[in-house]
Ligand code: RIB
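Below you'll find only one chain, the form predicted alone, shown as structure tokens.
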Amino acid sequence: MKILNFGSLNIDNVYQVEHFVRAGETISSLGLANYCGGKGLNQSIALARAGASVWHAGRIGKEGGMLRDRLAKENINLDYLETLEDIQSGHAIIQVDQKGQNCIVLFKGANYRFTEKDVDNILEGFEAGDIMLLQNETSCVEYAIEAAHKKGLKVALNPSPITDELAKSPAMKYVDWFILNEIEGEEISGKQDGAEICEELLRRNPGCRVMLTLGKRGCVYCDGQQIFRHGIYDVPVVDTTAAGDTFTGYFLAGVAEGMEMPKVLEMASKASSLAVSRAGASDSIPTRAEVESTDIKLDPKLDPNK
């Protein structure tokens, strides 16, 4: 079974500043660092480190070699990663002040150069039963969902960043797995309670499965026939940047392996907890060996069943 990640790739330019720049003001930064980012890149790395076979479909500009190299380092298949000559890679300008707060300007760039023809060409390399993973950081997301479903692929959607257009899209009925957090769940379902979010998504999209993360209250999985919950692990919180992407990758890798759902939730929850205990985005994602060998305990104060 192949996993195709139809995903975003960004270069993150992080400026350390004393304070956020104000209108008409020019300031000097205290430092600059460049990182590989984008939810698509993070999730492909999480999938690969979880042991899955991953194909990443993406678009970058001529200056995006670091993004290609980052994925290649993880042995991710790049047959569908294309370099475009007339546009820059997606990137973010991120100011981080001395209190650790940030503000971000995002440029979509090459991520939004996918066409429907591109999607069709990419899907020629996949067959019924394979899995397509999508976020909402590229063009043609709705078309890709519909085309993958028509070909018999299973569709996993992490609808982030959530938009009203995607939330109301008719393509949502073709999603097999919704992997989302409470904010995204509320936007799509109109409900606030976790149980009600799951119920509404299942009502609107019969046959789908919902993987809802609940922050400190852990996570809940439901598919209309069974419900499983899992708590979070007791670890020091250093950086939450890639927690959700780590969970998504490990969850889908476990599903692709045919693991029992309680084991899938245990593995994904442990992996995301390890990620938040480390600094960085993709660099914080643990390997499968680390997840299986690290002895951490569930936080007894945060019972997901309460």
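Heads up, when I say rigid core I mean the largest set of C-alphas that superpose within 1.5 Å between the two forms. For clarity, every value in this text was computed on a predicted model and none was experimentally measured. Numbering starts at 1 and follows the sequence shown.
Not pictured, yet referred to below: the form predicted together with alpha-D-ribofuranose (RIB).
Screening A256, I60, A48, A242 for any heavy atom within 4.5 Å of alpha-D-ribofuranose (RIB) in the model of the complex leaves a single hit, A242.
Residue contact with alpha-D-ribofuranose (RIB) in the model of the complex: A281 places a heavy atom within 4.5 Å of it. alpha-D-ribofuranose (RIB) is not drawn, but in the model of the complex it has no heavy atom within 4.5 Å of L84.
The closest non-hydrogen atom of K270 lies beyond 4.5 Å of alpha-D-ribofuranose (RIB) in the model of the complex. Contact annotation: S44 falls outside 4.5 Å of alpha-D-ribofuranose (RIB) in the model of the complex, judged by heavy atom distances. The stretch that touches alpha-D-ribofuranose (RIB) in the model of the complex, counting heavy atoms within 4.5 Å, is 91 to 99, out of 225 to 233, 91 to 99, 173 to 181, 190 to 198.
Applying a 4.5 Å heavy atom cutoff to alpha-D-ribofuranose (RIB) in the model of the complex picks out G37, G38, K39, N42 from 20 to 44, in order along the sequence.
Comparing the forms between this form and the one not shown, the C-alpha position of T240 differs by less than 2 angstroms, with the core used for superposition. In this overlay on the rigid core, S53 has a C-alpha that sits less than 2 Å away from its partner position between this form and the one not shown. Relative to the superposed core, L106 undergoes a Cα shift of 2 Å or more between this form and the one not shown.
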